[in-house]
Each structure stands twice: as structure tokens, then as C-alpha cells.
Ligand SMILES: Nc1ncnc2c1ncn2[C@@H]1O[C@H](COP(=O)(O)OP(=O)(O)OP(=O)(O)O)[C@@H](O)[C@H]1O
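What follows is one chain in C-alpha cells, specifically the form predicted alone.
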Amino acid sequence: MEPSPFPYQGPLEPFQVQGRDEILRDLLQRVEGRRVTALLGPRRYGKTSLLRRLAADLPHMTTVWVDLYEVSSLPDVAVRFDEALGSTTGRFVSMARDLAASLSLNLGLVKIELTGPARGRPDPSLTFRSLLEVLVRTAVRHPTLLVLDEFSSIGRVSGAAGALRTAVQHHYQELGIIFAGSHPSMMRALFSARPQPFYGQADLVEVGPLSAGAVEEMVRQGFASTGRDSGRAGGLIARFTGGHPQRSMQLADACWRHTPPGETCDEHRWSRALTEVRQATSESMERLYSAFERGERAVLRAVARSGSIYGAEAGLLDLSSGTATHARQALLGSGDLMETGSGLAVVDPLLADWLRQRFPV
């Protein structure tokens, strides 16, 4: 079977990233200028793909990629840093192993040591600080980009952010640092609230939706590269998704599969593709919706229909202003809602569509 030109499951390969030239240029300039940056954006907005492309565009630098998703303890944080350091290659990892050995640290084996018998288990705080020392001392001697992915999770681990700041704060001019996170309001708080260790320590850069033109060009090129004509599919997809990167690729893939080589994706094929995607995601949308609190469910329904949490829609759902305000803040914080120039919007266009289909009134 011919591979689809629209992969949408998981991060893209660097060469597959499209429609992000402007923000890529900005990030390249920031890293090369050693400007500490926090990259904010909702889930499935392509932050990981974007950063993988950025790393590929900086071949003279070694990227240390620390995945902090759902870290829950200091030992957990230490293990993530150990795994990140141990998975690097070339001169960087050789230097890092030598430095680790001088600190009596077995790089790549921290998880085994921290989960071993309690009697011989090392202190996780000291282990974490030693790992940070290895990272910084190696990065000072070798061009390094440090990516701290899902950084917002570190906020729940007491002392972790503070230890990290202590280790890197005097080396901002010697290594590139990008923090990334999928909870925009939490990420903002980590860098703009005075009690936080990284208060005022990074420029905030938002990853927005793809432009309509970028979506249309992506669809046109993908179809053309496989001997098909996208017709009006690009415009229809852009209008439906509002530029949501992953959902745009998912719908483009469905349209592509319904269009044989040598033919054009007409509105009938678009309709069939949309129906297929709706059916494929319906069960997951039901589960997702059920996991929200009652007030959050009401706010999502109101926003999906009117873009507002007040007025007739809220009255219909018996949504008090206090409940609406609290739920709104929670949903903005989790990245399920976003603010636009015209009001509020549900971030996932398929969830918004499911809500309108599931609750027509």
C-alpha cells in the first residue's frame, strides 16, 4: 500500500515538518544567540516535531532531550536526566561519561541504582545534582542544546526546578536552552510568577495554529506528490480545523485515502473522509468528555456552540457565572480551551465538532 504523505500519529520526522518556517527561524536565532526560551502550545500542536526539526537544523550542537512528562518525584526526575544524557552520542557522551565517573556516578544506570535495595540506594537529591553538574560541565566544553520537554510537570516535584535553576543560571551564555510544555497557563506561571525559581528567566514563545495558507499548501503538495489533485480539500480542512496541526494532517490523510491516483478530491470525498474520521474518534471523544468535571463539560458545550460561557447557551445548561469562571480557568490551564480574537474556542476541533453533533441543542 502506498504510504500516506500525511502522517499524523506521533511526532513527525524533521523533514516532514511544514508550515513552520517563521517560528523555526525565530527559534534558530534564539538558540544561536543563547536566549533562553519557553515554548508554549496545546497538546498535538506539533511542539515535539518542531523541536526535532530545530535540532536537525543545528548539526553542530548536541541535543540533550529531557522528557519530563508526568514526572512525580525527584528520583523520577533524576532518571529522566540520566536517560537523556546517556542517549546522546559522539564526543558529548564520551565527555559526559568521563565526568560522571569522576563524580562516582554510573551514567545510564541511575534507574537501577535508585530502585535497588534501600540499604545501598543513593540519595536522589545528590544524584540529581551530580547529573546536573555533568550536564553543565559537558555543555560548557561542547556546543549543546538542552530541551526540557513537558517542563510544566516539574512543578509538582518539590525542589527539582530550584536545583535545575541553580545549576544552569550562570551558564545561559554557554548553552542553548528551550523549555517546552503543553499546559500554557502553567508554563506562563512557571516563568512569570515571582515565587517560581525560573521567574523572568525565559522569553515566552507561543506555537499557534497553522495558517489557512499553510494548510492548503501542505495538502496541495501532498496530493500532487502522489499523483492526485487536492481540489478544494485544503480549504475545507483549514476551515474545519482552524489550523490545528495534527487534526489537519488526520483529515488530509482521510481525504487522500478516499481519492484514487489521477483523480480529484471533490466535496463528496471530503464528506466521506470527515464522516470516517468522526466515526473513528467518536468513542475516544466520549471517554474524554466523561473525564471532565460537570462544570467543565457545560463550559465545553457552551464554547463549542457559541464561543462564550455566558448568555443564552449558559442559561440553557444551568451554568452559573461562578462555576463557568472556575471551569474556564481550569480548561485554559489544561490546554483544552484557548482564547482567540473573537472569544473562546475548544482547542481540538474534532472535540468541538463532536460536542455540536452529540448535543445539538
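The structure presented is a predicted model; accordingly, all values stated were derived computationally and were not measured. Position 1 is the first residue in the sequence shown; the rest follow in order.
Below, we refer to the form predicted in complex with the named molecule, which is not included among the displayed structures.
At least one heavy atom of residue 182 is located within 4.5 Å of the named molecule in the predicted bound form. Although the partner is absent here, residue 346 is not a contact residue: none of its heavy atoms lies within 4.5 angstroms of the named molecule in the predicted bound form.
The shortest heavy atom separation between residue 176 and the named molecule in the predicted bound form exceeds 4.5 Å.
Contact between residue 246 and the named molecule in the predicted bound form is found at the 4.5 Å heavy atom cutoff. Each of 18, 210 and 218 places at least one heavy atom within 4.5 Å of the named molecule in the predicted bound form. Note on contacts: among 323, 306, 334, 48, the single residue with a heavy atom within 4.5 Å of the named molecule in the predicted bound form is 48. Out of the listed residues 43, 35, 297, 328, 43 is the one that sits within 4.5 Å of the named molecule in the predicted bound form by at least one heavy atom.
Contact annotation for 3-33: residues with any non-hydrogen atom within 4.5 angstroms of the named molecule in the predicted bound form are 7, 8, 9, 10, 11, 12, 17, 18, 20, listed in sequence order.
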